[in-house]
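Just the one chain here, laid out as structure tokens, in the form predicted alone.
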């Protein structure tokens, strides 16, 4: 067997990455390109998205589509611009720390629009319009919040991610007829710009990281490597699965 044998290779595959302008999405896009994939990136911030796009220069195919997935017109424009896809990683999301007594309908709507309705509608349209090739793999970025971990103040966020995880399983069941696989990744806390917005102090973050058996928060690449596995032919018999990547937190 040759030394170039690599079942995790993404060569010959075109992958869409949403939320690609920072954090997990940025890492996924860059790592997928390094594994040989053509990559289409989308996000809301033009400058940050362009910076990520520029790092994909070695990809056999690359595209940059600025879009806000919560806006119907942007979503339709994105779908119309996409080539046939062999995979998609839906990373766009938001978080908040909010006790349930302050979780008004408006707060829930805001969170669900970004974390649930936008990716689910994108997934639906990609499948319905047959943008996803036979044998394609879709990865949803969910969370251990709402599925494996129930920390105070995480209810609004956790509910949106738990709902996303549930739809993943239904999609996996229904899309299997076209051999389209659908899985999710449930990360623990990942060190991205999202957690440094001042909702939680830096001191609290340092203390919180000590609760992880492996002694640290995740890095964006930790999640990206999981996504590469789920996109690759190495996971061709895996669908409807939520892959927990959390440094041991849930145990």
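Residue numbers count along the first chain shown, from 1. Everything numeric in this text was worked out from a predicted model, so none of it was measured.
Here the subject shifts to the form predicted in complex with a small molecule, a form of this protein not shown in this document.
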Would the small molecule in the predicted bound form be within 4.5 angstroms of a non-hydrogen atom of every residue among 127, 166 and 236? no
The small molecule in the predicted bound form has a heavy atom of only one listed residue within 4.5 Å, and of 92, 180, 171, 88 that residue is 92
Is there a non-hydrogen atom of residue 226 within 4.5 angstroms of a non-hydrogen atom of the small molecule in the predicted bound form? no
Within a 4.5 Å heavy atom cut-off, is residue 137 in contact with the small molecule in the predicted bound form? no
Answer for residue 232 alone: is it within 4.5 Å of the small molecule in the predicted bound form, judged on heavy atom distances? no
Applying a 4.5 Å heavy atom distance criterion, does residue 31 contact the small molecule in the predicted bound form? no
Which one of these stretches, 129 to 137, 68 to 76, 148 to 156, 101 to 109, sits within 4.5 Å of the small molecule in the predicted bound form when only heavy atoms are counted? 68 to 76
